[in-house]
Every structure is written in structure tokens, then in C-alpha cells.
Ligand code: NAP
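Here's a solo chain for you in C-alpha cells, the form predicted on its own.
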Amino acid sequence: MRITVCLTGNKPEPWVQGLQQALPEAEVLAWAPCQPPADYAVVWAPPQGFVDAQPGLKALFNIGAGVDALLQLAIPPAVRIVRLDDAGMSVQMAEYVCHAVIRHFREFDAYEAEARAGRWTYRAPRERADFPVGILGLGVLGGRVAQAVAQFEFPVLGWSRSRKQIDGVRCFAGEARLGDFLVGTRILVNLLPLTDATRGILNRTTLSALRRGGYLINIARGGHLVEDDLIPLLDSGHLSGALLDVFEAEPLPAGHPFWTHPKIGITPHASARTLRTESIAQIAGKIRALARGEEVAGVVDPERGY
């Protein structure tokens, strides 16, 4: 069994070493041109040339949760694309969202500004019932985030394309219920996969449907947000703020208006990072299962895009 590792923008050596330890029966190599083709590949943003050089490939394992970039490649139909189910990312995203929701609800940003100005001030407590949190996308990551937010006794809504049931979460499903979900939401958290159907879903129409004073948290993909639609909604006061972790162009270009807008917070695609040890253990287990002819979780449906 031969496994090749191709990680654009990341050092492959730690992954090669970890996979070799986890799968001593296999030959694990960092990809290089003219290398013998592999049975399985562990990848992040590989070039088309890499895929073309693997005629016998059985499965591609993507080291991130999102596979939108991978689906832009011409990948033979027989090659399974397998994404990470979690590998430590859901707890990181739950931390990020809970921190962001509480910081906004408790107005800690305003307290910090007052403190920097040397002012000792109080703000009137706000009611959690007035700040329903809506989670767009209720997969492994979105479900974990929704449950975490619910622990702080906020009303929590969730929307997904197919019907889901999560304790403590009011779930909506399908295009027909998206509007009902949005009008009941004040803090919107986007965790959708990026597909042709979801690109640009955060736009003037959908964001205007949120309760006045709405707040946006986008930790999925920059392509979900129509960037030119956000600032007018902030300047009008319909949205009170936004925390953005992902952008159409990354790194966010110098001079982009998001850098300096007073109602926009920015983090550098850091809401959840791949944890190598957990990911290697998961990938190794799935490779062994596939080699035995078994089915594995996380196989991507290219038609759906996730």
C-alpha cells in the first residue's frame, strides 16, 4: 500500500512521519513529480497535476472540513473524496462562536473601549431572549456549535437543507423555511459548506431579514458572503456588527474596507485549525477500513458538494 501526501502551503514531513507510524505496513511519501502513483492520498489544495499523476488512486483524504477547493479539480468518479469528520475542529469552533456570542451580548467590546479611555461605566443588562442565535448548517460542526451555545441559555435556531433534530435547538429545513429561520434570528452564525447553492447566501436580502440590530459571525467560507452588501447594512444600523474569520481573498488584501470598519472584527481563518495527531489517527483508521472493503464516514457526494 502506497500513500502520498500533498499539502500546498503546509510542510508534508510531519504528516508523512505520523502516517508512517500509524500505518507501518504502508509506504508513505511526500509527493514529488515522477513519483510512483499511490493507492491513497492525503491532501490540501493539491494541483490538478497531482491528481492526473495518480491513475490508480482509490481515495483522497482532505485534511480540512471544507472540500470546495478540491471539487474544482477534475477528479475521476471512481476516486472517493473523504473529509475529516471532526478531528478536534468542532470544539474549537464551539469555543470561537460562544466567545463571540457572549462578547457581543455582554457588550465586552464597549467595556474595553471605555476602559482604554479611562472611563468607569456600566451598561444595562440585556435579555437573552432578545438575542436568538441562528446556526446556518447543522452538520457535525454546526450541530456541536448549536449545542454549545444552547448551554448558555440563548434561544437557538438551526437551518439545514435536510431535516435535523437537536436537543435545545429549534430546527428548520429546506429552502421554504429559510426565511422563517432568518426572521427569528438576531445573531447569525454561518457554518454551511460552500457549494453552488450556498455561494453568496449571505447577501443584502438574507441579512436584511435578520432582526434589526443583527450580528453576523462567518466561520465557513468567504464565498458565502457578498462582501459589497455587508457595509451598507452595518452603516444603516440594521446590522450592529460582524465577526469575520473567512474571506473571498485570503489573506485579506491591504486596503480592504473590512480592515478599518469600526463594526467589523477580523480573525485570520483561525476559528478552527486542523489538529494533526487526531487527523492522522482518523485517516489511518479509514484507510485500513477501505483496504478491508468497508464503508467509512465522511465520503463526499460531489453532486451535493459535501
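Bear in mind the structure is a predicted one, so any value in this text is a computation, not a measurement. The first residue of the sequence shown is number 1, and the count goes up from there.
Heads up, the form predicted in complex with this ligand isn't pictured, but that's what we're talking about next.
Residue among V149, L225, A220, I187 with a heavy atom within 4.5 Å of this ligand in the predicted complex
Only one option qualifies, and that one is A220.
From the list A26, A65, A59, L70, which entry has a heavy atom within 4.5 Å of this ligand in the predicted complex?
None of the others qualify; the residue that does is A65.
Check for me: heavy atom within 4.5 Å of this ligand in the predicted complex, for each of L141, L191 and R304, yes or no.
Contact check passed for all of L141, L191 and R304.
Would you classify G137 as touching this ligand in the predicted complex, given a 4.5 Å non-hydrogen atom cut-off?
Because a heavy atom of G137 falls inside 4.5 Å of this ligand in the predicted complex, the answer is yes.
Taking this ligand as it sits in the predicted complex, is M89 near enough to touch it, meaning that at least one heavy atom pair lies within 4.5 angstroms?
Because a heavy atom of M89 falls inside 4.5 Å of this ligand in the predicted complex, the answer is yes.
Residue contact check: D39 to this ligand in the predicted complex, 4.5 Å heavy atom:
No.
Even though the partner isn't displayed, in the predicted complex is I102 close enough to this ligand, meaning a heavy atom within 4.5 Å?
Contact with this ligand, no.
Within 4.5 Å, heavy atoms only, one stretch in 48-56, 275-283, 241-249, 30-38 touches this ligand in the predicted complex. Which?
Among the candidates, contact is made by 241-249.
Heavy atom contacts to this ligand in the predicted complex at 4.5 Å, residues of 27-56 in sequence order:
Going through 27-56 in order - heavy atoms within 4.5 Å of this ligand in the predicted complex - there are no hits.
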